[in-house]
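Taking the form predicted alone, here's one chain by itself in structure tokens.
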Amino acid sequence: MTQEQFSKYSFLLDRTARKVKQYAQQKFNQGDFDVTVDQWLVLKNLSENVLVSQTELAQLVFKDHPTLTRIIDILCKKGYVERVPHPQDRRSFQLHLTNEGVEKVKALKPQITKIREKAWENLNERDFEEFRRILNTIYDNLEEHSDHEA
């Protein structure tokens, strides 16, 4: 494959990822969800993982610490997330959903599922499997590369 073909595929991947996020954010705004796509990602991961540290959460949502701190601050102000002192380390906190956060996740999950399904219309099971295989291969290639550089 030529360098130009690689460049075109990289462009398509980036363009599609941006479009998916833009579409989702547009629907979030229209739906008056009171959270952004990035905030939802944090809420969803906290709903699936009880008492996680900010470092663990950063790895789960692929956000750097300053960005994640801002998102968490906003979610705390909204009353959806709470910082709890870590039982073994007084310098750090664990994060969990408040009752309001749990209710927000329950209320939004079906609506967000519908938004995400739009991107997958007209694709069959074989398409999904091939797509997943390709994305995992790209991810693994880059993961191996970053390990060697470290």
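Keep in mind it's a predicted model, so treat the numbers as computed, not measured. Counting begins at 1, following the sequence as shown.
The discussion below concerns the form predicted together with the DNA, not included here.
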* To do: Please check if residue 113 has a heavy atom lying within 4.5 Å of any heavy atom of the DNA in the predicted bound form.
  => no
Answer with yes or no whether residue 124 is in contact with the DNA in the predicted bound form, where contact means some heavy atom within 4.5 Å. no
Does residue 63 reach the DNA in the predicted bound form if we count a contact as any heavy atom within 4.5 Å? yes
- Item | Touches the DNA in the predicted bound form: residue 106 (any heavy atom, 4.5 Å) | no
Testing 98 to 106, 43 to 51, 115 to 123, 22 to 30 against the DNA in the predicted bound form with a 4.5 Å heavy atom criterion leaves exactly one stretch, namely 22 to 30
Worksheet item: Can all three of 67, 71 and 93 be found with a heavy atom no more than 4.5 Å from the DNA in the predicted bound form?
Response: yes
Near the DNA in the predicted bound form, with a heavy atom at 4.5 Å or closer, the residues from 35 to 55 are 36, 38, 39, 53, 54, 55
